[in-house]
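Each of two forms of one protein chain follows alone as structure tokens, named structure 1 and structure 2.
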Structure 1
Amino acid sequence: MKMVTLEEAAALLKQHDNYLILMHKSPDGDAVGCAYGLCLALRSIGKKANPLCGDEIPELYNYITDGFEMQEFEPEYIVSVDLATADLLSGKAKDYAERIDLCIDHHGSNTGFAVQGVVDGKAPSCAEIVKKILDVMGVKINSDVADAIFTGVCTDTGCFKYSSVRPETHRIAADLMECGARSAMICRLMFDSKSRAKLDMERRVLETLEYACGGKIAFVCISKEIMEKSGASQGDTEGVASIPRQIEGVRVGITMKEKDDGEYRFSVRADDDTDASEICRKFGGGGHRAAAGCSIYADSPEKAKNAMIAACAESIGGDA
């Protein structure tokens, strides 16, 4: 993958048309915010553009997606956002894994799968990079675009509390607020609001809590049964991955999500001395040093769980 500057990326996005913007499976706020924000911005300058994710967009982001209509065209230029590896594409998005023209990403573990890319491993969110590209393009950011990009910034920074947050992160957030981003509503919805179904789901998830490696590893599972009994939606699982890592003495927190066809999706959260992305790369995933994800295919949840715990134990130099 040839690395390009913000200016070169801006030129490419001005030059082409009929954009398809890909998101990773189990899309989070950064992926959704970047894809829809970039899409709406491109449309505002007369381009045709659609976002695409192999998984359903969680209802949590309805304030971004409500009223959004897909356009009819044959994709000519493929862009990925917040995607560290093409292995994290799912569904119809996988059909374009070998056709990605431009990758916009903030994962240091990016595998270089696109023709060209803008990758800043120090950026706390991909949304920061998208905002900078739009500024270089001279795009006038309206309130809908601002809402989407602000969502990416605030969710991937933990509401601006993670150590990756830089002074320019706050400046970018302030710019988006001046463009009309509903910052208070978005932060409240992302971090301070839970449905009864979500609370019930979290209660059931905590009942699955297990420790390994002398308490240095904590594991929880979001099974299909838990989702069905609680009535929770996929959007309700947002934030659950941080729970096991919050436990005192835990160095690595593991959250396993049961999907279909023997797929188990893992979210790994690690302390400063452990590289979560290195652990997840062993299974074809990726991410950041502190937070990463991957999928393991197995004929039982126990096998998938044991494989991940063993990899985490090896990483921290202990016995599972």
Structure 2
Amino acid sequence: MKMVTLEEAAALLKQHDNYLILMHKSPDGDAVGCAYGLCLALRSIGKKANPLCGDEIPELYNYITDGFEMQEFEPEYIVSVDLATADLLSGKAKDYAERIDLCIDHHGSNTGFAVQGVVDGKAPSCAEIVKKILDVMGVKINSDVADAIFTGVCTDTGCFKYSSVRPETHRIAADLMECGARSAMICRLMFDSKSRAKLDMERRVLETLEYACGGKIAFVCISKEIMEKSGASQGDTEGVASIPRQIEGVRVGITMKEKDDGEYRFSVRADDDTDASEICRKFGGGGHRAAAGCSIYADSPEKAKNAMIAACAESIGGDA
């Protein structure tokens, strides 16, 4: 993949037409925000453009997708946003995996699957890069585009909380608000809104809270029973993994989710001195230092839990 500058990417997005913009499977706020935002921005300068995702766009993003209509055209120039590897394409988006012209991404691990790419591994969201390209293009960002891009900026930074946030992240947020982004509505929807079922599920999960290693490890379990009794959806479990790690004194937070056929799915969150991905690699998983995951197959939840706690204890040099 040939790396290009923001200026070159801007030129590519001006000189072609009939753009198809690909999102990864299980699209998050950054993927949806970038794809719809870029699409609407291209349309605003007279281009034809459609977003494409193999999976359905979650209802959470209805304020972006409501009233959006697909255009009729034969795709000519294929762009991917927030896509680290073509393996993350699903459904119909997969058909374009081999012919992506331009990759816009913020994953340092990007596998370079496109003809050309603008990748900034330090950008906290892909939306920041899209915003910069639109600025270079001289596109006037309207309120719909601003809503979409703001969504990417705030969701991928945990509402401006993560260590990846840079001064320019806040300046971009300020610009987007001036272009009409409904900052408070979006932040509220993304971060301060829970279904009854999700809240009930979280309450039940907190009842499973256990400590190990003198409080340095915290463990919670999302059992099938909890999912059934609360009526929570799989999507509702997002965010639960960050709960045990938030507790004062906890260095490693473990969230175990009961799946079928003796599979227990783990999410591990670690402090700065601990490598969650190293812990998960022991069980064939992986991820980042701060957040990683793996599956353990066992004939009881106790066994799966104990195996993980032992691995975490070893990693932080304590007794489980």
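Since the model is a prediction, treat every value here as computed from it, not as a measurement. So that the term is clear: the rigid core is the largest set of C-alpha atoms that superpose within 1.5 Å between two forms. Sequence positions of structure 1, starting at 1, serve as the residue numbers.
Task: Structure number, where the criterion is the form predicted alone - done: Here the form predicted alone corresponds to structure 1.
- [ ] Fill in the domain rotation here: degrees turned by the smaller rigid part against the larger between structure 1 and structure 2.
- [x] Interdomain rotation between structure 1 and structure 2, rounded to whole degrees: 27 degrees.
- [ ] Could you tell me how many Å the Cα atom of residue 301 shifts between structure 1 and structure 2 when the rigid core is held superposed?
- [x] Its C-alpha position differs by 12.9 Å.
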